[in-house]
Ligand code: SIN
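For reference, the chain that follows is the form predicted on its own, supplied as structure tokens.
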């Protein structure tokens, strides 16, 4: 299957043209798409029409899928499909209404963080014909490469704590969230990861701290840790490391959770509806740089 890759004027992100994901991909085409994903860190396909089963089929070509800890936000009958939506039906949210308001990478708080995420746009909010609810992506490889040598040396061998509980209760804009159950909390204990990790496929060094879930750097006093994290966050999200995706219905976007972070732009509200569905690839233990 012939396709083309069009890259925007950003350090990451590329559009794949000429591919219908509802059709089975031959192995050569699939491997070329994987190579594009590794190179560009975020790739997307416009104008896709996928059933939930087709979404799963495409996702499974890339690897094993996670069952999200919040099954109340998953599509009924599809524990691998996590719904991100502001829609309420019969008095109940159909998905997570306020996910991703702070910079993060998916499942960074797990012992084996996610390898990647595959996001399908079913409904996109429009206001005066303009899409709302963009997603911002930041390249953690570009951000690391741009650090001064003194900072790279300072971070070498350091570990930081990532906490699901911290991020869960911070990441909201629609009032208090439902309390986590004891079982949910037992499945998501705090975990220490290297501040700088090695990408398992490309071998590139990536920064692996984020404002949503990272709480402290080990081996430092609280004030020193807070100051260093603040300095890193100010660096990570500079415009020169970013790509902003403006969604259309039918977009299928894949991002790398090792080498990127992302954040939602919450510039819409009901009656403007947004319905997105995400599958998440399992990962492996993080390798320190």
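Residue numbers count along the first chain shown, from 1. Just so it is clear, the structure is predicted and the values come from calculations on it, not from any experiment.
The same protein also exists as the form predicted together with this ligand; that form is not shown, yet it is the one meant from here on.
Q: Consider the chain as shown here, without its partner, and state which of 249, 56, 50, 264 has a heavy atom within 4.5 Å of this ligand in the model of the complex.
A: Only one option qualifies, and that one is 264.
Q: Since exactly one of 104, 205, 216, 110 fits, which has a heavy atom within 4.5 Å of this ligand in the model of the complex?
A: Filtering the options by heavy-atom distance leaves 104.
Q: Within a 4.5 Å heavy atom cut-off, is residue 114 in contact with this ligand in the model of the complex?
A: No, residue 114 stays farther than 4.5 Å from this ligand in the model of the complex.
Q: In the model of the complex, is there a heavy atom of this ligand that lies within 4.5 Å of any heavy atom of residue 100, even though the partner is absent here?
A: Flag for residue 100 set to yes.
Q: My question is simply whether residue 81 lines the interface with this ligand in the model of the complex - judged by any non-hydrogen atom within 4.5 Å.
A: Close contact is absent here: in the model of the complex, residue 81 is far from this ligand, nothing within 4.5 Å, heavy atoms only.
Q: Mark residue 144 yes when one of its heavy atoms lies within 4.5 Å of a heavy atom of this ligand in the model of the complex, and no otherwise.
A: Residue-level check for residue 144: no, no contact with this ligand.
Q: Taking 70, 164 and 210 as the candidate spot, are all three within 4.5 angstroms of this ligand in the model of the complex by heavy atoms?
A: No.
Q: Any idea which of 255 to 263, 59 to 67, 26 to 34, 224 to 232 reaches within 4.5 Å of this ligand in the model of the complex, heavy atoms considered?
A: That would be 255 to 263.
Q: Within 4.5 Å of this ligand in the model of the complex, which residues of 29 to 66 have a heavy atom? Give them in sequence order, or say none.
A: Counting only heavy atoms within 4.5 Å of this ligand in the model of the complex, no residue of 29 to 66 makes contact.
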